[in-house]
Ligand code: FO1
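So this first bit is one chain, no partners, the form predicted on its own, shown in structure tokens.
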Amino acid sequence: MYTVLAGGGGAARFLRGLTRLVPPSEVLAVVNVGDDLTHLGLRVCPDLDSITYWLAGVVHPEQQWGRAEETHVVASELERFGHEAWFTLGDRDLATHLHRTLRLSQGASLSEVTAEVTRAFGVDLRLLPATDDPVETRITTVDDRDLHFQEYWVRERGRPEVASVRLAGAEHAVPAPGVVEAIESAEVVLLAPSNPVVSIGMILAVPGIRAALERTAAPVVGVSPIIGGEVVRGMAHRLLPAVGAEVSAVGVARHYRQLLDGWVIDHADAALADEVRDLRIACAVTDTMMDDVEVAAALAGTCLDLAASARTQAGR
């Protein structure tokens, strides 16, 4: 089993590449749910849905989130009634949220509903939420506002300076069924090139998941989401300083150093490879800009090769 810690579009691209190399049935992705929110009475799971839509081939090609060939009739009508339009759901996307909300109200767990959604879209690999319990990423700004992540990123467009980030509800959360086992029994554990703070970081904030990573016998290999000192997409550069991490490929490796056996960086950061190795982390350099699935597959192959090398060196 290949277990991937995942969040959002970068993870989706990486998973597309990985499943070119290994059967999807042998891949399990543990997905961030800190971004989840209830909006207009509907339970929305942005990372689970984005990954599903990407792998099903129905993601919006320009936005790279949401559904392709989307319309927004319902959203327009809601504005008629005075509802704020800061978080807009498309008409096709609404069906997913309606199904999820109904099933959760009937007593199904988020893991069970996620399996139903992926099956309906013909996605063969298994997606597991990091936890079935209600948690949410909260951003504290330097002007002392407490914002849900979606308020910070979508409504505020990531402009406020961030003082701290936390996973609210983590103290009462447990990993979803199968998450710890998937990490402990994996052949390889991979950290997708997702936001280290609000994607991977929020997965690790669920009690028991970091401990499982620390004790797994599987090599743990990650991909840097930073290329040439810049984020590819998203707001990691706004959030890494809030957790004391440098915005660089080696800075993120240092942030993960207690977990990593290997770290893959882009050609643009080749000069940093020795700094990564000085952390006692194996390092490989390749193209990490997954603009097409072939590049994503080659990147996944580099990760698996590095994992095999780390396993050999450790005598596993």
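One-based numbering along the sequence shown. Not measured: the values here are computed from a predicted model.
Another form exists, predicted in complex with the named molecule; not displayed. Remarks below refer to it.
* Location of the named molecule contact in the predicted complex, chosen stretch of 183 to 191, 84 to 92, 102 to 110, 237 to 245 [non-hydrogen atom, 4.5 Å] -> Answer to the contact question: 84 to 92.
* Asked: Ok, T216, Q150, T141, T118: which has a heavy atom sitting within 4.5 Å of the named molecule in the predicted complex?
  -> When the named molecule is considered in the predicted complex, the option within 4.5 Å is Q150.
* Asked: in the predicted complex, which of the listed residues (V59, V44, L259, A282) lies with a heavy atom within 4.5 Å of the named molecule?
  -> It is V44 that has a heavy atom within 4.5 Å of the partner.
* Report yes if any heavy atom of W54 sits within 4.5 Å of a heavy atom of the named molecule in the predicted complex; otherwise report no. => No.
* Does A212 reach the named molecule in the predicted complex, with heavy atoms at most 4.5 Å apart? -> Contact check for A212: no, nothing within 4.5 Å of the named molecule in the predicted complex.
* So in the predicted complex, does any heavy atom of A75 sit within 4.5 Å of the named molecule? -> A75 lies outside the contact set for the named molecule.
* Wondering, does V154 line up within 4.5 Å of the named molecule in the predicted complex on heavy atoms? -> It does: once the named molecule is placed as it appears in the predicted complex, V154 has a heavy atom within 4.5 Å of it.
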